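This document starts with one chain, in the form predicted alone, laid out as C-alpha cells.
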C-alpha cells in the first residue's frame, strides 16, 4: 500500500511564514487597521506606513522617532523634552515583548511572593489603592542604552540617540510598604518582577524580561508601584495599568504591566539579569574587546548627564542678539551640583543657573544666556557635575560591548549671522 504524501510544509517554510505573519500582525496593530494583501509583500520590503508609524503609536506624539516595531521602541528628540515634567505622549518607549491588550483594570492583580517572603499575598489594583498611602514623585527614567548609536565600534542593540529619557510625575504606593505588609525574611537581598507582556515568540511560557533591584533600592521612599503618570492613567505602551518606578537606575529595572514581584535570597536571575544584559565590564576594556560574562557587572545608578532642550540644534541667530539655552540634568542616585556650557569646543566653560531637584531622583533644570563674539559656526556644549565632583566627559566614555551609559556632553549647532 502506498503511503500518502504529507501536505505539511517543511519546518523552515512554516517558521518563515509564522515570522512573516506575526510581523504583519504586529504592524497592523500599530497602524490600527488590517494590511490588505500583506501576504503579497515582497521579501525584504517594509510597508510605506512604517515611515510615519510614530503617528499611530497609542497615546504617543507623532514626532517620536521609531527605532523598531517589534518590540515597539521609540525615542523623543531632545527639543521635545523641554517640559519640566515630561508629558505621557512624549515619554520614550522601550519594550522587550508585546504589550497586553484589552487590559481589565477591575480584575488586575499583583502577587507578592518568593523564597524570602514570609507569606504570599495577592492584591487587586483597588486593594493597593485602598490599603496603602499614596505618594507622588517626579522620577527620572533613562534607558541604559541611551546614546548607544555614538559608540564605535558599534554596539549591538537599539541604536538610541539621546531621547530615551524622561522625568514624569508618578503616583502610586511605596514598594517598601507593600513588601513590609507581606513580610521579608532576614535573608532577603533582591526583588524581581514579572509583567503581563508577551514574549516575541508568542510562547506564554517565556518571559520577555524579568529584572529587579537590591533590597536597599526597593526600600527607598521613592521606589513606587505606580498606576498614574502626571495624574492620568499610565500610557499603554509605558505599562498601564501598573508598573514599578525606580528613579535614577536603568529604566529596565522599572517593570511594566506589573503582575508579580518576588523577594529573593540571591541576585534575581530572570530574563535580562544574566549574561551581558544591562551589564558593563567590571574593569575598563579596549574598543571592540570581548569580555567574558563573569567579568561583567550589573548597572545600578546611572551616570551624571545633561540635555539641551532649547533651542533645537541647527538654529540661526543674529550677532546682535543673545541666545537663551535651557535643559535638564540628572545624576542617578546623586544630585547635580552644577551645569556649565562651552561655545569653544570645551576650551573654556561658563556657569548656568540651575534649580534644585523637586525630590530625590528628579531631574534638575538649567538655563543660561549666551553672547557670541563674532559671525560663524558654533557648537554649544553642556556639561553637568554631580555632588561627588564627577563630571560628564567631553567625548565618549569608555567603550563597552553593549553600548551602555553614554554620558558624553550634549552639543547643539548654532550659526551666527550679521
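Positions refer to the first chain, counted from 1. Predicted, not measured: the structure shown is a model, and the values here were computed from it.
Below, we turn to the form predicted in complex with a small molecule, even though it does not appear here.
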Stretch in contact in the predicted complex with the small molecule, which is absent here, among 326 to 334, 92 to 100, 77 to 85, 126 to 134 (heavy atoms within 4.5 Å): 92 to 100
Full three-residue contact with the small molecule in the predicted complex, heavy atom 4.5 Å, for 173, 213 and 247: no
Proximity of residue 147 to the small molecule in the predicted complex, heavy atoms at 4.5 Å: no
Touches the small molecule in the predicted complex: residue 273 (any heavy atom, 4.5 Å): no
Residue 168: touches the small molecule in the predicted complex, heavy atom cutoff 4.5 angstroms: no
Contact test in the predicted complex: residue 251 vs the small molecule, heavy atoms, 4.5 Å: yes
Sole residue of 263, 304, 143, 225 within 4.5 Å of the small molecule in the predicted complex, by heavy atom: 143
Partner-contacting position among 155, 184, 209, 277 - heavy atom within 4.5 Å of the small molecule in the predicted complex: 209
